[in-house]
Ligand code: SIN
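Okay, here we've got a single chain as structure tokens, the form predicted on its own, with questions on binding and movement later.
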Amino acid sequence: MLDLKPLCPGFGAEVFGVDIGRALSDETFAEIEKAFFASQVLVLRGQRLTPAEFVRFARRIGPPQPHVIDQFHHPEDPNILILSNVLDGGRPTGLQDAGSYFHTDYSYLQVPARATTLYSISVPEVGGDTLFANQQAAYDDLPQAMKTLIEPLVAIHHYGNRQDTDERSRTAASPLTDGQKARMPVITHRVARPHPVTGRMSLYAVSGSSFGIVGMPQDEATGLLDELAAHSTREKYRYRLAYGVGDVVVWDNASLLHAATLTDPAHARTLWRITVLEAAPEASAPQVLASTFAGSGR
């Protein structure tokens, strides 16, 4: 039986006494996976992992998907994305500002992400926390009229931040090269989406990569998405997670929004990140033509 401690009322849990650097038994991993889907955010404190051990653990959760920003892939395994504000000879050693706005990882992909795992290598003296917003609770609290309105709606997604399309801004999505942009199609996902494992309904990626709604005028679509995003990121649905060195954090992208907090470059922060995809075929979403909607900012 896992030793679990709640992080906050409603969601999140810490796991104690498990060394994920070792090959976990099927029974132990099944307990971890059950706790993950029940808690949405799982923190395993004080781990000591090699790149291979980190990847091995992530693969138990789902198939890893290397990030489109390939210049910061770990040299030992491209499934690991290095997040860091550390400079080496004036050059960045990792992606510096990864998602400093509420979003869902890989919601711009045809098969979206099941989970994101972060392994904390160095922790800044100030800042560096991650904000989470519980999208299952946010959906549950919607008026029935709003649930009925959004039930059939399908949002249009592509890489980026709906609230900031200026690539020079620190709150925009990290800029892509032209070649990287060419690999990012425009796709769709339901606005209210049943969890692919538990079946529980949740708002899905209403902040971040959702730029429109199929069949809805752009101003109406943006207004509705903004209304849902404002509702779903209210303080009552949030938790702020602080990291310690060696912490491994796993979160459920199907039921959460998250946001990185900006850090002072004077305080070193480095993490390894692996994002794994949903395995079920029903997770796949259709691609759509960019001409389906206007004013996307793409």
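All residue numbers are counted from 1 along the displayed sequence. Here the structure is a predicted model, which is why all the values come from computation and not from measurement.
Keep in mind that the form predicted together with succinic acid is not shown, yet the notes after this line are about it.
- Of the candidate stretches 150-158, 184-192, 101-109, 119-127, only 101-109 has residues with heavy atoms within 4.5 Å of succinic acid in the model of the complex.
- Checking A268, A35, V68, A260 for any heavy atom within 4.5 Å of succinic acid in the model of the complex turns up a single hit: A260.
- Contact with succinic acid in the model of the complex, judged by any heavy atom within 4.5 Å, is made by just one of L83, L225, A115, I80: L83.
- Mapping the unseen interface onto this chain, F57 falls outside it, with no heavy atom inside 4.5 Å of succinic acid in the model of the complex.
- Under a 4.5 angstroms non-hydrogen atom cutoff, succinic acid in the model of the complex lacks W272 among its neighbouring residues.
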